[in-house]
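Take a look at this one chain, the form predicted alone, written out in structure tokens.
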């Protein structure tokens, strides 16, 4: 019993130690962003000062620069609008396509789904030149609608592949029973399949939205005006002027944009993991 008790205590100590180490490592970037946001420039650039504490009084100058001399709020609005539109477009196209390939096409649907997924693996650097031609022909250059058109080409293939596996994990007998009770296939899909597939659909939403916030090549190529920039492009372009880096404002912008996404991931973490593991994690 004593040996078993010592083993249990040792296992708990190791478990807690690992959690503490990973918590510190993961929380440190946010801690540094908070510190840099409110540090004075003289405090930031003095080598002798402790970089992890305030050696001078905190300041709001970096926030004033971010909100007063850039269009940061406009960039956030553009990113949120594009993210919402891309998520809606992705769901409208990927969910029925994945269901059709998983349920209605037989064996060749699996091969077609893999082929669709392979298009997601094509590097964006190979596609932005032909896509820029398409954007120019449609007259969407320098507008946020250019990226609304382009981003689903990356989100839809992956989402179809992900949801196909999720739909296949749902017993087909549930839909058959629903249709026996009088529902059409579409009604069974809406009332039975979609509610069960919330984890997979939520994974698609998070993936699509975070891709919009992180993507750089297309947003840089297709949009030039400052007022139409996405937050991922506007921050490095207008807060890095030559060899001058406005570190305080850069960290403030990173903190403001990363905290909502971090909260979103943590709030729906279980469903997000279940979506990627095709429902295996309850």
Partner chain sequence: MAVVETRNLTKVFKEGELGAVNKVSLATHEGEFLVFLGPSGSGKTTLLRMIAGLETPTSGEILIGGQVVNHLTPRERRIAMVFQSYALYPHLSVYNNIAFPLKAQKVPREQHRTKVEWAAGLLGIGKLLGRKPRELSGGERQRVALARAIVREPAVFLLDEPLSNLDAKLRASAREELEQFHKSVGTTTIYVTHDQVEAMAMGDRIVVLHQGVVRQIGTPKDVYEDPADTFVATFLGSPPMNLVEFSDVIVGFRPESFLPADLLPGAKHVRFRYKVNYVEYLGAERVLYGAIEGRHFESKEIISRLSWTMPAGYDAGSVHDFSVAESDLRFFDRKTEKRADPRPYPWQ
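Residue numbers count along the first chain shown, from 1. Quick caveat, the model's predicted, so the values are computed rather than measured.
Absent from the display: the form predicted in complex with the partner chain. The rest refers to it.
- For residue 77, no non-hydrogen atom is located within 4.5 Å of the partner chain in the model of the complex, even though that partner is not displayed.
- The closest non-hydrogen atom of residue 176 lies within 4.5 Å of the partner chain in the model of the complex.
- When contacts are judged by a 4.5 Å heavy atom cut-off, residue 81 does not count as touching the partner chain in the model of the complex.
- The closest non-hydrogen atom of residue 183 lies within 4.5 Å of the partner chain in the model of the complex.
- Annotation: in the model of the complex, residues 107, 192 and 195 each come within 4.5 Å of the partner chain through at least one heavy atom.
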